[in-house]
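Taken one at a time, structure 1 and structure 2 that follow are two forms of one protein chain, written as C-alpha coordinates.
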Structure 1
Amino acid sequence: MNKGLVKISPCFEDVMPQEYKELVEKGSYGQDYGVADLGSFKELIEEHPLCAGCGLALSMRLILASLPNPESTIIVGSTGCSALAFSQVALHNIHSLFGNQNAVATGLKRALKLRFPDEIKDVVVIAGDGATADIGLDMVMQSWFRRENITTIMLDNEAYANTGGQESGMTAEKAVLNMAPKGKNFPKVNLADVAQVAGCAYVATCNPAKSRVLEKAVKRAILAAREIGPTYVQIYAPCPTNYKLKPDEVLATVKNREKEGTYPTGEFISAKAQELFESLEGGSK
(Lines of atoms letter the chains of each structure in order from A and count residues from 1; the text may use other names and numbers.)
(Lines give C-alpha, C1' and ligand atoms only; values in the text may rest on other atoms or scores of the structure.)
Protein backbone atom coordinates (compact mmCIF):
# COMPACT_ATOMS: atom_id res chain seq x y z
CA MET A 1 0.00 0.00 0.00
CA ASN A 2 1.45 3.31 -1.00
CA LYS A 3 1.59 5.71 1.91
CA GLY A 4 -0.22 8.35 -0.11
CA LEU A 5 -3.15 6.00 -0.66
CA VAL A 6 -4.23 6.07 2.96
CA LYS A 7 -4.16 9.87 3.22
CA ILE A 8 -7.57 11.45 3.68
CA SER A 9 -8.66 13.78 0.87
CA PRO A 10 -9.14 17.39 1.98
CA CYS A 11 -12.58 18.11 3.53
CA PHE A 12 -13.30 14.40 4.17
CA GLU A 13 -11.52 14.51 7.54
CA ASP A 14 -14.76 14.92 9.49
CA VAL A 15 -16.57 11.94 8.03
CA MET A 16 -13.77 9.38 8.24
CA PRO A 17 -13.99 6.89 11.14
CA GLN A 18 -11.77 7.60 14.13
CA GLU A 19 -9.84 4.33 13.61
CA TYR A 20 -8.97 5.38 10.07
CA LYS A 21 -7.81 8.80 11.14
CA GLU A 22 -5.57 7.22 13.76
CA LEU A 23 -4.11 4.94 11.11
CA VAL A 24 -3.18 7.95 8.98
CA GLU A 25 -1.87 10.03 11.87
CA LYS A 26 -0.12 7.40 13.98
CA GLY A 27 0.03 4.29 11.80
CA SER A 28 3.10 2.24 10.93
CA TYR A 29 3.32 2.83 7.17
CA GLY A 30 6.76 4.10 6.29
CA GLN A 31 7.83 4.03 9.94
CA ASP A 32 10.44 1.86 11.55
CA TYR A 33 8.17 0.53 14.31
CA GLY A 34 8.52 -2.88 15.90
CA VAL A 35 7.23 -4.95 18.80
CA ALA A 36 9.02 -2.69 21.30
CA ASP A 37 6.93 0.25 20.07
CA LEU A 38 3.54 -1.43 20.63
CA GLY A 39 1.30 0.90 22.59
CA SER A 40 2.88 3.95 20.97
CA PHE A 41 1.47 3.65 17.45
CA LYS A 42 -1.81 2.69 15.82
CA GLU A 43 -1.65 -1.00 15.03
CA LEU A 44 -2.51 -2.42 11.61
CA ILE A 45 -5.04 -4.77 13.16
CA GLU A 46 -8.31 -3.48 14.57
CA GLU A 47 -10.82 -5.12 16.92
CA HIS A 48 -11.34 -8.66 15.70
CA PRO A 49 -13.81 -11.46 16.46
CA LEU A 50 -11.28 -14.09 17.62
CA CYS A 51 -11.85 -15.64 21.07
CA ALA A 52 -10.55 -14.12 24.29
CA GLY A 53 -6.99 -15.28 24.95
CA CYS A 54 -6.49 -16.63 21.41
CA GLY A 55 -2.83 -17.44 20.79
CA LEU A 56 -3.35 -16.97 17.09
CA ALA A 57 -4.71 -13.44 17.58
CA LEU A 58 -1.72 -12.52 19.72
CA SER A 59 0.66 -13.98 17.14
CA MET A 60 -1.01 -12.01 14.35
CA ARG A 61 -0.64 -8.82 16.35
CA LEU A 62 3.06 -9.52 16.80
CA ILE A 63 3.59 -10.51 13.15
CA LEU A 64 1.94 -7.31 11.95
CA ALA A 65 4.12 -5.22 14.25
CA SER A 66 7.21 -7.00 12.90
CA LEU A 67 6.74 -6.40 9.16
CA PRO A 68 9.82 -4.61 7.81
CA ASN A 69 7.78 -2.61 5.25
CA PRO A 70 4.05 -2.83 5.98
CA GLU A 71 3.20 -0.33 3.26
CA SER A 72 4.75 -2.70 0.70
CA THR A 73 3.41 -5.96 2.10
CA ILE A 74 0.66 -8.09 0.58
CA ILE A 75 -0.75 -10.85 2.75
CA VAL A 76 -2.19 -14.02 1.29
CA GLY A 77 -4.40 -15.85 3.76
CA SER A 78 -6.53 -18.93 3.80
CA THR A 79 -9.76 -20.10 5.39
CA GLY A 80 -9.56 -20.57 9.14
CA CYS A 81 -9.73 -18.46 12.29
CA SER A 82 -7.07 -16.02 11.07
CA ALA A 83 -9.20 -15.21 8.01
CA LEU A 84 -11.83 -13.78 10.34
CA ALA A 85 -9.32 -11.24 11.59
CA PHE A 86 -7.91 -10.22 8.22
CA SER A 87 -10.91 -8.12 7.30
CA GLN A 88 -9.82 -5.96 10.23
CA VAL A 89 -6.22 -5.60 9.01
CA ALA A 90 -5.15 -2.46 7.17
CA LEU A 91 -2.99 -4.18 4.56
CA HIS A 92 -3.60 -5.51 1.11
CA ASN A 93 -4.70 -9.06 1.63
CA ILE A 94 -6.10 -11.85 -0.44
CA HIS A 95 -8.26 -14.59 1.00
CA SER A 96 -7.63 -17.54 -1.26
CA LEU A 97 -9.56 -20.78 -1.51
CA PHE A 98 -8.63 -23.01 1.43
CA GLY A 99 -5.24 -24.60 0.75
CA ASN A 100 -4.42 -22.55 -2.34
CA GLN A 101 -2.59 -19.77 -0.54
CA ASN A 102 0.94 -20.59 -1.70
CA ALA A 103 -0.12 -20.99 -5.32
CA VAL A 104 -1.86 -17.61 -5.21
CA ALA A 105 1.15 -16.03 -3.51
CA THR A 106 3.49 -17.52 -6.13
CA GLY A 107 1.53 -16.02 -9.01
CA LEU A 108 1.15 -12.72 -7.23
CA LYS A 109 4.84 -12.40 -6.46
CA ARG A 110 5.83 -13.27 -10.03
CA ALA A 111 3.39 -10.70 -11.43
CA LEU A 112 4.56 -8.01 -9.02
CA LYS A 113 8.19 -8.66 -9.98
CA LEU A 114 7.30 -8.03 -13.62
CA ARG A 115 5.07 -5.05 -12.97
CA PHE A 116 7.23 -3.33 -10.31
CA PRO A 117 10.77 -4.62 -10.90
CA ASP A 118 12.40 -1.85 -8.86
CA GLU A 119 10.01 -1.74 -5.92
CA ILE A 120 9.81 -3.74 -2.74
CA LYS A 121 6.76 -5.99 -2.73
CA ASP A 122 6.76 -8.49 0.12
CA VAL A 123 4.30 -11.33 -0.42
CA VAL A 124 3.64 -13.05 2.89
CA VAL A 125 1.42 -16.08 3.36
CA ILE A 126 -0.22 -16.32 6.78
CA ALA A 127 -2.35 -19.43 7.22
CA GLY A 128 -3.33 -22.12 9.70
CA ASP A 129 -1.72 -25.50 10.24
CA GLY A 130 -4.56 -27.29 8.44
CA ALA A 131 -4.21 -25.00 5.45
CA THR A 132 -0.41 -25.26 5.41
CA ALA A 133 0.53 -28.79 6.45
CA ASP A 134 -2.52 -30.70 5.20
CA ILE A 135 -4.82 -29.33 2.57
CA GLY A 136 -2.38 -26.83 1.03
CA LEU A 137 0.78 -28.91 1.45
CA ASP A 138 1.10 -29.59 -2.27
CA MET A 139 1.11 -25.87 -3.09
CA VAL A 140 3.33 -25.02 -0.12
CA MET A 141 5.94 -27.59 -1.19
CA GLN A 142 5.80 -26.59 -4.86
CA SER A 143 6.48 -22.97 -3.92
CA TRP A 144 9.52 -24.14 -1.96
CA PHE A 145 10.79 -26.51 -4.68
CA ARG A 146 10.47 -23.72 -7.22
CA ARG A 147 12.35 -21.30 -4.96
CA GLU A 148 9.63 -18.66 -5.03
CA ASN A 149 10.47 -15.40 -3.25
CA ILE A 150 7.68 -15.65 -0.71
CA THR A 151 7.42 -16.02 3.06
CA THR A 152 5.16 -18.71 4.48
CA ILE A 153 4.00 -18.23 8.07
CA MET A 154 2.06 -20.99 9.76
CA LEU A 155 -0.16 -20.16 12.73
CA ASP A 156 0.03 -23.55 14.36
CA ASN A 157 -2.79 -24.12 16.82
CA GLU A 158 -2.47 -27.87 16.28
CA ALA A 159 -6.06 -28.23 15.09
CA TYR A 160 -8.70 -27.29 12.58
CA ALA A 161 -10.00 -24.74 15.04
CA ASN A 162 -12.44 -22.88 12.85
CA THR A 163 -14.47 -26.00 12.11
CA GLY A 164 -14.76 -27.15 15.70
CA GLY A 165 -11.63 -29.15 16.46
CA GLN A 166 -10.53 -31.84 14.02
CA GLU A 167 -6.94 -33.12 14.18
CA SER A 168 -4.44 -31.82 11.66
CA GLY A 169 -1.05 -33.18 10.69
CA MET A 170 0.39 -30.70 13.16
CA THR A 171 -1.65 -32.03 16.11
CA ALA A 172 0.53 -33.84 18.62
CA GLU A 173 0.26 -37.62 18.82
CA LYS A 174 -2.43 -38.79 21.27
CA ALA A 175 -3.98 -35.32 21.56
CA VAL A 176 -7.75 -35.47 22.01
CA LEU A 177 -9.99 -32.92 20.31
CA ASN A 178 -13.74 -32.49 19.98
CA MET A 179 -13.71 -34.35 16.70
CA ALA A 180 -10.73 -36.57 17.41
CA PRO A 181 -12.13 -38.28 20.52
CA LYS A 182 -9.85 -41.31 20.38
CA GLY A 183 -6.71 -39.18 20.19
CA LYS A 184 -4.48 -38.67 17.20
CA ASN A 185 -2.65 -41.80 16.18
CA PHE A 186 0.41 -40.51 14.31
CA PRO A 187 3.15 -38.04 15.29
CA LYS A 188 3.16 -34.29 14.65
CA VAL A 189 4.49 -33.49 11.19
CA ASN A 190 7.92 -31.88 11.30
CA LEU A 191 7.31 -29.27 8.64
CA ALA A 192 10.28 -27.15 9.70
CA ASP A 193 12.67 -29.95 8.69
CA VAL A 194 10.70 -30.55 5.49
CA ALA A 195 11.02 -26.83 4.66
CA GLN A 196 14.76 -27.01 5.10
CA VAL A 197 15.28 -29.91 2.69
CA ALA A 198 12.66 -28.56 0.28
CA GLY A 199 14.72 -25.45 -0.40
CA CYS A 200 13.84 -22.76 2.13
CA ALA A 201 16.63 -20.25 2.68
CA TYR A 202 15.51 -19.54 6.22
CA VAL A 203 13.31 -21.51 8.62
CA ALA A 204 12.25 -20.62 12.15
CA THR A 205 9.98 -22.04 14.82
CA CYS A 206 8.88 -19.62 17.52
CA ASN A 207 6.00 -18.61 19.77
CA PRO A 208 4.30 -15.47 21.07
CA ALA A 209 5.68 -15.88 24.60
CA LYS A 210 9.02 -14.74 23.18
CA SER A 211 7.80 -11.77 21.21
CA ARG A 212 11.24 -10.46 20.27
CA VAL A 213 12.35 -13.84 18.94
CA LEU A 214 9.14 -13.97 16.90
CA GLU A 215 9.78 -10.47 15.61
CA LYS A 216 13.31 -11.32 14.54
CA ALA A 217 12.14 -14.50 12.78
CA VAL A 218 9.43 -12.67 10.84
CA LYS A 219 11.78 -9.86 9.81
CA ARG A 220 14.53 -12.24 8.77
CA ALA A 221 12.10 -14.46 6.85
CA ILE A 222 10.71 -11.53 4.88
CA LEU A 223 14.11 -10.03 4.11
CA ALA A 224 15.53 -13.39 3.03
CA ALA A 225 12.48 -14.08 0.84
CA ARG A 226 13.00 -10.71 -0.82
CA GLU A 227 16.64 -11.39 -1.70
CA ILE A 228 17.14 -15.15 -1.80
CA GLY A 229 14.18 -17.54 -1.94
CA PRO A 230 11.36 -19.15 0.03
CA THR A 231 11.30 -18.89 3.81
CA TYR A 232 9.15 -20.53 6.48
CA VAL A 233 8.15 -19.42 9.97
CA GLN A 234 6.14 -21.73 12.19
CA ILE A 235 4.48 -20.10 15.17
CA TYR A 236 3.04 -22.17 18.01
CA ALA A 237 -0.20 -20.33 18.70
CA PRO A 238 -2.45 -22.39 20.98
CA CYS A 239 -6.22 -22.31 20.71
CA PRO A 240 -7.76 -22.07 24.18
CA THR A 241 -11.24 -22.84 22.86
CA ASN A 242 -10.51 -26.20 21.24
CA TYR A 243 -7.87 -27.31 23.73
CA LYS A 244 -10.12 -26.37 26.67
CA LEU A 245 -7.58 -24.03 28.20
CA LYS A 246 -8.59 -21.10 30.31
CA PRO A 247 -8.09 -17.93 28.26
CA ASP A 248 -5.19 -16.86 30.48
CA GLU A 249 -3.30 -20.15 30.08
CA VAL A 250 -2.06 -19.74 26.53
CA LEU A 251 1.36 -18.27 27.32
CA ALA A 252 2.00 -20.77 30.13
CA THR A 253 1.12 -23.57 27.69
CA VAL A 254 3.59 -22.27 25.15
CA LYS A 255 6.34 -21.94 27.76
CA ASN A 256 5.65 -25.43 29.14
CA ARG A 257 5.86 -27.02 25.73
CA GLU A 258 9.15 -25.32 25.09
CA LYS A 259 10.48 -26.39 28.48
CA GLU A 260 9.49 -30.03 28.05
CA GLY A 261 11.02 -30.02 24.56
CA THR A 262 7.84 -30.83 22.65
CA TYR A 263 7.75 -27.48 20.87
CA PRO A 264 11.25 -26.03 20.65
CA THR A 265 12.07 -22.70 19.08
CA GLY A 266 14.95 -22.54 16.63
CA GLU A 267 16.32 -21.32 13.33
CA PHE A 268 17.85 -22.80 10.22
CA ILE A 269 19.90 -20.22 8.33
CA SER A 270 21.29 -21.13 4.92
CA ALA A 271 24.75 -19.87 4.00
CA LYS A 272 23.28 -17.26 1.66
CA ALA A 273 20.86 -16.06 4.34
CA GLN A 274 23.68 -15.86 6.87
CA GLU A 275 25.61 -13.64 4.51
CA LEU A 276 22.55 -11.45 3.98
CA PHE A 277 21.77 -11.09 7.69
CA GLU A 278 25.39 -10.20 8.43
CA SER A 279 25.31 -7.44 5.87
CA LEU A 280 21.90 -6.13 7.00
CA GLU A 281 22.20 -6.51 10.73
CA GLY A 282 25.88 -5.65 10.85
CA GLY A 283 26.44 -8.58 13.19
CA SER A 284 24.68 -6.61 15.94
CA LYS A 285 21.56 -8.71 16.53
Structure 2
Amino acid sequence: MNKGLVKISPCFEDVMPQEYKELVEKGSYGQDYGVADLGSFKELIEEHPLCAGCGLALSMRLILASLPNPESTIIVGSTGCSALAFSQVALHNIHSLFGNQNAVATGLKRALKLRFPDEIKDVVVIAGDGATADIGLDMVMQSWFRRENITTIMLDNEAYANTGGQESGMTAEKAVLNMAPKGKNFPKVNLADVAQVAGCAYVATCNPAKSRVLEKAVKRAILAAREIGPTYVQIYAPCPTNYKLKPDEVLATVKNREKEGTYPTGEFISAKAQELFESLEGGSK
Protein backbone atom coordinates (compact mmCIF):
# COMPACT_ATOMS: atom_id res chain seq x y z
CA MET A 1 0.00 0.00 0.00
CA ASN A 2 1.21 3.48 -0.83
CA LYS A 3 2.20 5.38 2.31
CA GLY A 4 0.48 8.43 0.88
CA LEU A 5 -2.89 6.83 1.50
CA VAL A 6 -2.54 7.33 5.27
CA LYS A 7 -1.69 11.02 5.07
CA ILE A 8 -4.11 13.48 6.59
CA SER A 9 -6.11 15.46 4.05
CA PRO A 10 -4.75 19.03 3.88
CA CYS A 11 -8.20 20.48 4.60
CA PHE A 12 -8.24 18.68 7.98
CA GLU A 13 -4.64 19.20 9.11
CA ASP A 14 -5.39 22.34 11.12
CA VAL A 15 -8.09 20.63 13.20
CA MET A 16 -6.44 17.26 13.80
CA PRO A 17 -4.95 16.65 17.27
CA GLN A 18 -1.16 16.72 17.36
CA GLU A 19 -1.03 13.09 18.48
CA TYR A 20 -2.82 11.96 15.33
CA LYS A 21 -0.47 14.00 13.18
CA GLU A 22 2.47 12.31 14.88
CA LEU A 23 0.87 8.90 14.37
CA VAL A 24 0.97 9.50 10.61
CA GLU A 25 4.33 11.25 10.51
CA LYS A 26 6.17 8.87 12.85
CA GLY A 27 4.28 5.62 12.27
CA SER A 28 5.71 2.27 11.23
CA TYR A 29 4.76 2.44 7.54
CA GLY A 30 7.70 1.98 5.21
CA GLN A 31 10.07 1.08 8.06
CA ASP A 32 11.58 -2.18 9.25
CA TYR A 33 10.68 -1.82 12.92
CA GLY A 34 10.40 -4.39 15.70
CA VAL A 35 9.72 -4.45 19.43
CA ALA A 36 13.32 -3.40 20.10
CA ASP A 37 12.51 -0.13 18.32
CA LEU A 38 9.51 0.80 20.48
CA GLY A 39 9.86 4.42 21.51
CA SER A 40 11.56 5.44 18.27
CA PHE A 41 8.29 5.39 16.32
CA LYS A 42 4.63 5.89 17.11
CA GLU A 43 2.30 2.89 16.99
CA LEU A 44 -0.47 3.85 19.42
CA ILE A 45 -1.85 7.15 20.68
CA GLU A 46 -0.55 7.76 24.21
CA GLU A 47 -3.91 8.97 25.49
CA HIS A 48 -5.77 5.85 24.41
CA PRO A 49 -8.88 5.01 26.46
CA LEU A 50 -7.65 1.74 28.02
CA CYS A 51 -6.98 1.57 31.76
CA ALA A 52 -3.61 2.33 33.32
CA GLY A 53 -1.50 -0.81 33.33
CA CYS A 54 -3.85 -2.61 30.93
CA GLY A 55 -2.31 -5.80 29.60
CA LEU A 56 -4.23 -5.34 26.36
CA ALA A 57 -2.66 -1.95 25.67
CA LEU A 58 0.87 -3.25 26.13
CA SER A 59 0.13 -6.35 24.07
CA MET A 60 -1.39 -4.21 21.30
CA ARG A 61 1.78 -2.10 21.16
CA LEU A 62 3.92 -5.20 20.87
CA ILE A 63 1.68 -6.74 18.19
CA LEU A 64 1.76 -3.54 16.14
CA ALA A 65 5.56 -3.49 16.37
CA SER A 66 5.73 -7.13 15.25
CA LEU A 67 3.73 -6.95 12.02
CA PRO A 68 5.91 -8.02 9.07
CA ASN A 69 4.02 -5.84 6.58
CA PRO A 70 1.97 -3.11 8.32
CA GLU A 71 1.33 -1.20 5.09
CA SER A 72 -0.72 -4.10 3.77
CA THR A 73 -2.19 -5.45 7.01
CA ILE A 74 -5.83 -5.18 8.00
CA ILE A 75 -6.92 -5.86 11.57
CA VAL A 76 -10.39 -7.27 12.13
CA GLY A 77 -11.51 -6.69 15.70
CA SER A 78 -14.61 -7.21 17.77
CA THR A 79 -16.45 -5.54 20.62
CA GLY A 80 -14.40 -5.45 23.80
CA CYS A 81 -11.72 -3.44 25.55
CA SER A 82 -9.25 -3.96 22.69
CA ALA A 83 -11.70 -2.40 20.22
CA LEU A 84 -11.39 0.90 22.07
CA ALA A 85 -7.79 1.16 20.89
CA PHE A 86 -8.28 0.26 17.23
CA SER A 87 -9.17 3.82 16.32
CA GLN A 88 -5.96 4.96 18.00
CA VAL A 89 -3.59 3.21 15.58
CA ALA A 90 -2.39 4.10 12.08
CA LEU A 91 -3.51 0.84 10.56
CA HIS A 92 -6.47 -0.31 8.51
CA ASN A 93 -8.97 -1.96 10.82
CA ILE A 94 -12.54 -3.18 10.86
CA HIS A 95 -14.78 -3.26 13.94
CA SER A 96 -17.02 -6.28 13.41
CA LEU A 97 -20.07 -7.39 15.36
CA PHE A 98 -19.34 -9.25 18.57
CA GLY A 99 -18.15 -12.74 17.74
CA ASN A 100 -18.26 -12.67 13.94
CA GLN A 101 -14.74 -11.33 13.46
CA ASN A 102 -13.38 -14.52 11.85
CA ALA A 103 -16.27 -14.64 9.39
CA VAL A 104 -15.58 -11.03 8.38
CA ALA A 105 -11.86 -11.76 8.14
CA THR A 106 -12.54 -14.79 5.96
CA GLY A 107 -14.56 -12.81 3.44
CA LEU A 108 -12.05 -9.98 3.47
CA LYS A 109 -9.07 -12.26 2.89
CA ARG A 110 -10.79 -14.02 0.00
CA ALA A 111 -11.78 -10.71 -1.60
CA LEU A 112 -8.26 -9.29 -1.26
CA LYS A 113 -6.79 -12.41 -2.84
CA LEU A 114 -9.07 -11.95 -5.85
CA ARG A 115 -8.53 -8.20 -6.09
CA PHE A 116 -4.76 -8.27 -5.50
CA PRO A 117 -3.60 -11.74 -6.61
CA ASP A 118 0.05 -10.74 -6.86
CA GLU A 119 0.31 -8.72 -3.64
CA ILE A 120 0.67 -9.66 0.01
CA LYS A 121 -2.38 -8.69 2.07
CA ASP A 122 -2.30 -9.92 5.66
CA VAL A 123 -5.60 -10.19 7.52
CA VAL A 124 -5.18 -10.47 11.29
CA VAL A 125 -8.01 -10.98 13.76
CA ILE A 126 -7.40 -9.39 17.16
CA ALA A 127 -10.12 -9.98 19.74
CA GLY A 128 -10.63 -10.70 23.41
CA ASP A 129 -11.37 -14.01 25.08
CA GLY A 130 -15.14 -13.48 25.08
CA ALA A 131 -15.27 -12.82 21.34
CA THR A 132 -12.83 -15.61 20.53
CA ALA A 133 -13.48 -18.49 22.92
CA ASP A 134 -17.12 -17.89 23.85
CA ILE A 135 -19.52 -15.95 21.68
CA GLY A 136 -17.39 -16.16 18.54
CA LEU A 137 -16.06 -19.70 19.00
CA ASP A 138 -18.21 -21.19 16.24
CA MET A 139 -16.97 -18.76 13.59
CA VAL A 140 -13.40 -18.99 14.85
CA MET A 141 -13.36 -22.77 14.59
CA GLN A 142 -15.15 -22.82 11.24
CA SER A 143 -12.40 -20.60 9.82
CA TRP A 144 -9.86 -23.09 11.15
CA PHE A 145 -11.74 -26.09 9.77
CA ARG A 146 -11.85 -24.45 6.32
CA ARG A 147 -8.11 -23.70 6.49
CA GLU A 148 -8.59 -19.98 5.89
CA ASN A 149 -5.36 -18.00 5.45
CA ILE A 150 -5.85 -15.68 8.42
CA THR A 151 -4.17 -15.22 11.79
CA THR A 152 -6.28 -15.12 14.94
CA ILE A 153 -4.81 -13.38 17.98
CA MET A 154 -6.63 -13.62 21.29
CA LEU A 155 -5.95 -10.94 23.89
CA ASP A 156 -6.81 -13.01 26.93
CA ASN A 157 -7.63 -10.94 29.99
CA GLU A 158 -9.67 -13.81 31.41
CA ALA A 159 -12.89 -11.83 31.77
CA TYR A 160 -15.58 -9.82 30.04
CA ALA A 161 -13.73 -6.76 31.25
CA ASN A 162 -15.58 -4.25 29.09
CA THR A 163 -18.97 -5.04 30.61
CA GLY A 164 -18.30 -5.27 34.33
CA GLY A 165 -16.12 -8.30 34.95
CA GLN A 166 -18.21 -11.34 34.13
CA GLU A 167 -16.37 -14.65 33.89
CA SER A 168 -15.54 -15.98 30.44
CA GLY A 169 -14.62 -19.44 29.25
CA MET A 170 -10.99 -18.36 29.57
CA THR A 171 -11.31 -17.29 33.21
CA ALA A 172 -9.26 -19.55 35.46
CA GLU A 173 -11.15 -21.97 37.70
CA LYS A 174 -12.04 -20.52 41.14
CA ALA A 175 -11.22 -16.96 40.04
CA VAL A 176 -13.38 -14.35 41.76
CA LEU A 177 -14.61 -11.37 39.74
CA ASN A 178 -17.03 -8.49 40.23
CA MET A 179 -19.84 -10.45 38.59
CA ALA A 180 -18.57 -13.89 39.57
CA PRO A 181 -18.42 -13.41 43.37
CA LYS A 182 -18.45 -17.12 44.21
CA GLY A 183 -15.62 -17.95 41.86
CA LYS A 184 -15.70 -19.74 38.54
CA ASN A 185 -16.65 -23.39 38.89
CA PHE A 186 -15.13 -24.96 35.75
CA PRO A 187 -11.65 -24.97 34.21
CA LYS A 188 -10.23 -22.54 31.69
CA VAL A 189 -10.84 -23.49 28.06
CA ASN A 190 -7.67 -24.87 26.50
CA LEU A 191 -8.11 -23.12 23.17
CA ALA A 192 -4.49 -23.61 22.15
CA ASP A 193 -5.01 -27.38 22.05
CA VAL A 194 -8.35 -26.91 20.28
CA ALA A 195 -6.63 -24.77 17.64
CA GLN A 196 -4.04 -27.45 17.04
CA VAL A 197 -6.64 -30.21 16.64
CA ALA A 198 -8.80 -27.93 14.45
CA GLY A 199 -6.02 -27.61 11.89
CA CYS A 200 -4.01 -24.48 12.71
CA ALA A 201 -0.56 -24.66 11.14
CA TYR A 202 1.00 -22.68 13.96
CA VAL A 203 -0.18 -22.11 17.54
CA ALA A 204 1.54 -20.08 20.25
CA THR A 205 0.85 -18.92 23.79
CA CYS A 206 2.85 -15.95 25.04
CA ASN A 207 2.70 -12.80 27.14
CA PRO A 208 3.87 -9.16 27.05
CA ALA A 209 6.53 -9.77 29.71
CA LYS A 210 8.55 -11.61 27.06
CA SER A 211 8.38 -9.13 24.21
CA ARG A 212 10.81 -10.91 21.89
CA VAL A 213 8.93 -14.20 22.27
CA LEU A 214 5.66 -12.40 21.50
CA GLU A 215 7.21 -10.68 18.49
CA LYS A 216 8.48 -13.98 17.08
CA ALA A 217 5.11 -15.66 17.63
CA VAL A 218 3.18 -12.90 15.85
CA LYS A 219 5.59 -12.82 12.91
CA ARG A 220 5.59 -16.60 12.57
CA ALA A 221 1.81 -16.77 12.76
CA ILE A 222 1.32 -14.19 10.02
CA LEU A 223 3.97 -15.67 7.74
CA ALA A 224 2.54 -19.18 8.13
CA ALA A 225 -0.99 -17.92 7.49
CA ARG A 226 0.14 -16.43 4.18
CA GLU A 227 1.52 -19.70 2.86
CA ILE A 228 -0.18 -22.56 4.67
CA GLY A 229 -3.43 -21.87 6.50
CA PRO A 230 -4.93 -20.64 9.78
CA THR A 231 -2.72 -19.75 12.73
CA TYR A 232 -3.49 -18.84 16.34
CA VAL A 233 -1.66 -16.77 18.96
CA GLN A 234 -2.94 -16.48 22.53
CA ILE A 235 -1.57 -13.62 24.61
CA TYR A 236 -2.09 -13.38 28.36
CA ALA A 237 -3.07 -9.76 28.98
CA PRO A 238 -4.31 -9.29 32.59
CA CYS A 239 -7.03 -6.78 33.42
CA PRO A 240 -5.92 -4.61 36.36
CA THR A 241 -9.41 -3.17 36.86
CA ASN A 242 -11.38 -6.38 37.27
CA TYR A 243 -8.61 -8.36 38.93
CA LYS A 244 -7.85 -5.53 41.35
CA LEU A 245 -4.22 -5.12 40.29
CA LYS A 246 -2.22 -1.94 40.55
CA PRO A 247 -0.89 -0.79 37.16
CA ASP A 248 2.67 -1.75 38.09
CA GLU A 249 1.59 -5.24 39.20
CA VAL A 250 0.40 -6.46 35.80
CA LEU A 251 3.74 -7.68 34.44
CA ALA A 252 4.63 -9.24 37.80
CA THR A 253 1.35 -11.16 37.63
CA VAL A 254 2.20 -12.35 34.12
CA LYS A 255 5.62 -13.57 35.23
CA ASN A 256 4.23 -15.32 38.31
CA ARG A 257 1.57 -17.16 36.29
CA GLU A 258 4.21 -18.42 33.88
CA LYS A 259 6.57 -19.42 36.70
CA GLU A 260 3.76 -21.32 38.44
CA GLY A 261 2.89 -23.09 35.21
CA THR A 262 -0.70 -21.82 35.23
CA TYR A 263 -0.14 -19.82 32.02
CA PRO A 264 2.87 -21.30 30.22
CA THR A 265 4.52 -19.99 27.08
CA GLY A 266 4.87 -22.40 24.18
CA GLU A 267 4.23 -23.13 20.54
CA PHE A 268 3.05 -25.87 18.21
CA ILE A 269 4.59 -25.93 14.73
CA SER A 270 3.19 -28.16 12.02
CA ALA A 271 5.56 -29.93 9.66
CA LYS A 272 4.73 -27.52 6.83
CA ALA A 273 5.21 -24.51 9.10
CA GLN A 274 8.55 -25.86 10.33
CA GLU A 275 9.73 -26.24 6.77
CA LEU A 276 8.63 -22.67 6.01
CA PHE A 277 10.34 -21.22 9.09
CA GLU A 278 13.57 -23.04 8.31
CA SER A 279 13.57 -21.57 4.82
CA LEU A 280 12.85 -18.05 6.14
CA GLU A 281 14.90 -18.11 9.32
CA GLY A 282 17.87 -20.13 8.23
CA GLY A 283 16.94 -23.11 10.40
CA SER A 284 16.54 -21.13 13.65
CA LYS A 285 13.74 -22.07 16.00
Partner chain sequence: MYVSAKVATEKCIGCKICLSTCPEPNVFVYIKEEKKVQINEGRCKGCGLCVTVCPKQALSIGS
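Reference numbering: structure 1, starting with residue 1. It should be emphasised that the depicted structure is a prediction, and the values quoted were computed from it without experimental measurement. Under this definition, the rigid core comprises the largest set of C-alpha atoms superposing within 1.5 Å between the forms.
K.L.:
Give me a 1 or a 2 for the form predicted together with the partner chain.
P.N.:
Answer 1, the form predicted together with the partner chain.
K.L.:
I want to check residue 44: does it shift between structure 1 and structure 2 by 2 Å or more at the Cα, with the core superposed?
P.N.:
Comparing the forms between structure 1 and structure 2, which are aligned on their rigid core, residue 44 does shift its C-alpha by 2 Å or more.
K.L.:
After a core superposition, would you say residue 269 shifts its C-alpha by at least 2 Å between structure 1 and structure 2?
P.N.:
No, residue 269 moves less than 2 Å.
K.L.:
On a core-based superposition, does residue 27 travel 2 Å or more at its Cα between structure 1 and structure 2?
P.N.:
The answer is yes, as the C-alpha of residue 27 shifts between structure 1 and structure 2 by 2 Å or more after core alignment.
K.L.:
Hey, core superposed, how many Å does residue 15 shift at the CA between structure 1 and structure 2?
P.N.:
With the rigid core fitted, the alpha carbon of residue 15 is displaced 7.2 Å between structure 1 and structure 2.
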